[in-house]
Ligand SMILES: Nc1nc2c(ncn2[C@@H]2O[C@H](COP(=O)(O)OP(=O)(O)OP(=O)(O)O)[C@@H](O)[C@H]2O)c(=O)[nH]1
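Next up is one chain by itself, shown in structure tokens, the form predicted on its own.
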């Protein structure tokens, strides 16, 4: 069945790990009739956790698409992982969906990932609802969890459903909006059934209903006037007011339940279908025009088709699957579109929607819908496909920089190419996992958001492709520079049969401001060296800069001037001057007090108050310079520091250990800084040992 844009709802299910996201989705699908029987996470048969790695570890690793049809409305759900290692999957879900359903544990309240998600939703101005989960467990409390949200986010959640009892005594929920109850089923594989509101809850429900009227009246003068005058609103007015306030982000609806027991799913589904915003209410997508300016593109079924690829999955049975969010028009099979990245025409094959790994053929996908294009060999994540006359690319996913790096090689050297092929395939599926060959350190380096993510990639390659890999801390890309002005001359003279080789150059070198890189000046007077040899002289300097005199690292921030030279009428050549320049540059830098430079990183750490002292002390021990600390709410402090990269190579693991897994960080390169003394001596020794090892292998 084809759904029009106004009848589509897209909901990203997100939250801290262990809050019950997968269990809730399973029971939403069951309650809505999309599946015949709900499974448990322990069974390994849930709709959204279908990967072998997810089944083995009992956690979500990939964003999974599923849907329910309810009251002529199609609700797309994207279930997301709770671990920060897989934040890329959460980001693609938030990009694709107009609504975020944030799960909060009824016992633990707001946790570190909840805080990070809330900040991300604020940055996106994304409407959000709360589902307070696991209320059937000891010490779980609905209002206590909402109080935690109020305190940490300065937000005012409005309860749409409230629990009937709590902890092991949880008997069901009351739908305050629709004034009905849903009693807890005898087993999780039975559906919730409507029931009258318990008599002893009448006054409590009235209190919550008054708050609902107030929330619905917010932002609408007429509704507020009526509410203040009459003390209540009609059901139609309440639904209208809530719909507008929710879409505008003025109201945070809150729901009570226990997803694994199928408590709270019926009222939640009804609310999403009736009140959650359709794609038509979404903020416009941002495209980039030919001049590099941002252009807003609203979700619009009336325009020519365009869509954005949010995810790539390479399935062993179905082949290459491209998950797309349709922005304008209607996507249909056999349609010819342009891939805006390279301007190539692409004829679309079959379109699908999905229940986890199960693909369901779709004849078309309207603007606002989320679906799958199968076997489009050239499509990649972040691509825009379009049938516009002048197609524009949509903004790419805003993904964080990977923070955990390892050098990698195959245990069996003959399998190196096969290993790299599998690594690049993994990087294509998850853009927060990256693979690069570092020409300077001669290492293949993989980078990700954490140890868990990288281990799961390597386990998949080991179990699937039968390739064993070994990893180690990557070498740091040090640099060399000079600290004073100096000069040197060098003569290259070689006599062989026939023409000889002759070139003489005199260089002056001086340090440049950090980050300037390289400058060359020709200070020759007269015709001592022909102009035709100057390119060879510069090539020689560039070659010499590739390997410095301190430890063989590239040289930077040096100005070189040729001040004198001599050529031979027969024996001089560009090659001779290149060799002479190489020698002169090396001699000049030796005379200019050369030093090592190390990369310094900007580090931003997010930690709970209780861990702040330990983290600050640890950063000082890593030669870090702390530039500030800023409480950002929720008991979380943001610490800004500059730390040498060499001190951060295992920081993802160390921070996790220091903070019991609650801390996280972002890191990016800032500048190079000189190192001397024992630290420099150790780097020089390590570089010499590496060169010896390389020579032995050759």
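None of these values were measured; they are calculated from a predicted model. Positions refer to the first chain, counted from 1.
The following text describes the form predicted in complex with this ligand, which does not appear among the structures shown.
- Here is the short version: of 582, 134, 325, 128, the single residue with a heavy atom within 4.5 Å of this ligand in the predicted complex is 134.
- The partner is absent here, but in the predicted complex a heavy atom of 41, alone among 41, 667, 646, 658, sits within 4.5 Å of this ligand.
- Segments offered: 65-73, 669-677, 648-656, 41-49. Contacting this ligand in the predicted complex at heavy atom distances within 4.5 Å is 41-49.
- In the predicted complex, residue 260 approaches this ligand with a heavy atom inside 4.5 Å.
- Mapping the unseen interface onto this chain, residue 80 counts among the residues with a heavy atom inside 4.5 Å of this ligand in the predicted complex.
- Taking the partner from elsewhere, residue 59 is found to have a heavy atom lying within 4.5 Å of this ligand in the predicted complex.
- Proximity of residue 16 to this ligand in the predicted complex falls within the 4.5 Å heavy atom cutoff.
- Contact annotation for 20-36: residues with any non-hydrogen atom within 4.5 angstroms of this ligand in the predicted complex are 20, 21, 22, 23, listed in sequence order.
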